[in-house]
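So this first bit is one chain, no partners, the form predicted on its own, shown in structure tokens.
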Amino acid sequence: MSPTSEQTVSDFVHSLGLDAYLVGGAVRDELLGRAAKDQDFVVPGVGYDELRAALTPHGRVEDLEVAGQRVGLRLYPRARALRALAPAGIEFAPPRTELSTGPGRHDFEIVASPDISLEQDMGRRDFTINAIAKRLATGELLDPFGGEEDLRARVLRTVSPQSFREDPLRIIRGLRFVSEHDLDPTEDTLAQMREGAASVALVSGERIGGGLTADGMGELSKLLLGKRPAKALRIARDTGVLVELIPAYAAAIGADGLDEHHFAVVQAAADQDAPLAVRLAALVHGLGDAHAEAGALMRRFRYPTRLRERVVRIVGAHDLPVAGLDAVAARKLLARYGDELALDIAAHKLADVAAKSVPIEERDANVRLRELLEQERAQPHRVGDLAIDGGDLIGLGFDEGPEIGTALATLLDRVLEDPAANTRDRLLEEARRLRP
């Protein structure tokens, strides 16, 4: 079939003749009026062989595993338009149950079978808002735990008292939902968070930060990228989860409002829609040796090296003086840090001043910094922007190697001071004076 809308994945699945149900986050997001990133399907009463036979004519099919155990199948559709809608494939599974047999992610006894009811499958899920299924054939909802009502009330409630014991990552995921959807945990859910706080130490760093998901982000990253991260961080603090995640916060909690300042900076970064690197820097910028804390956090949570280095540099520029900056200084900052990092630094500094009481002049100076950086990006500020290159210098008699690099850096300094100097004739003339 030819996809024509965002609902095409569901339409395609319905066309297979399976009595399939859309489950989990996709149903939640649909009820919230939001586009779902992923769509997963449960097919009651169907075994693996029957399910594979229904899927194989439509593309490549591979086993779907959890903790080394087969739990379903993933289809990579043959139709190009469907692949574009579901690049990570479409997941199909019979209902399953999971019994925790230990404290780790892999300590589960998983049973997936056509004999298990859909209600039982819903019972293994984390929160009521994720324990809703929609039957594709009729559009009716199966909602055994009242998830739709909790969504309307903006309530976060676990499906069972064992939810966090079964997987401690669910605690951080719940806090992520607080940030993303502005939910309020029930008293029972808060009590379960407090009880399970120490168990987050059992969760692998990738699942928290760097991410093992299709979008490459873990739960802490998604929390910070939500609309209400400060609310989630306060709950994390009050339940003991935050210190288990980031031990350096132990000294910040109650210390002249240092924790509240950090939460406010993270929120201000979210309010200006700053990228993840800025929000991570905001989270740790004033904790002890901030450079060390930023690096340690990023390594512990297995963030990519490039992002880790970016966050450390943002934190390192936290105290960058901005009073009296002009266009020349802005071009030099762009040359020193590069465009993206310089703008990240400006965003972090703006979030920081927005979160504390400062003279209006200081606030205006930080606004001016961002404006100047945006303005001067169009001016030459990189060696590659120069009107001449190393080949021109060799033609003037410069030796290949460090001598050329030094000369180009000197020429760039000239151009940073005066962009009008960036012409071939003027730079060649200047280079002749520099030749040893």
Ligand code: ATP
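A residue's number is simply how far along the shown sequence it sits, counting from 1. These numbers come from a predicted model, not from an experiment.
Omitted from view is the form predicted in complex with the named molecule, to which the following refers.
Residue contact with the named molecule in the predicted bound form: residue 25 places a heavy atom within 4.5 Å of it. Taking the partner from elsewhere, residue 126 is found to have a heavy atom lying within 4.5 Å of the named molecule in the predicted bound form. Using a 4.5 angstroms threshold between heavy atoms, residue 37 counts as touching the named molecule in the predicted bound form. Among residues of the shown chain, residue 279 is not one whose heavy atoms approach the named molecule to within 4.5 Å in the predicted bound form. Only one of 334-342, 191-199, 118-126, 280-288 lies within 4.5 Å of the named molecule in the predicted bound form by heavy atoms, and it is 118-126. For the candidate set 262, 310, 348, 170, a heavy atom within 4.5 Å of the named molecule in the predicted bound form is found for exactly one residue, namely 170. Of the candidates 74, 157, 237, 222, 222 is the one whose heavy atoms come within 4.5 Å of the named molecule in the predicted bound form; the others do not. Every member of the trio 130, 177 and 207 reaches the named molecule in the predicted bound form with some non-hydrogen atom inside 4.5 Å.
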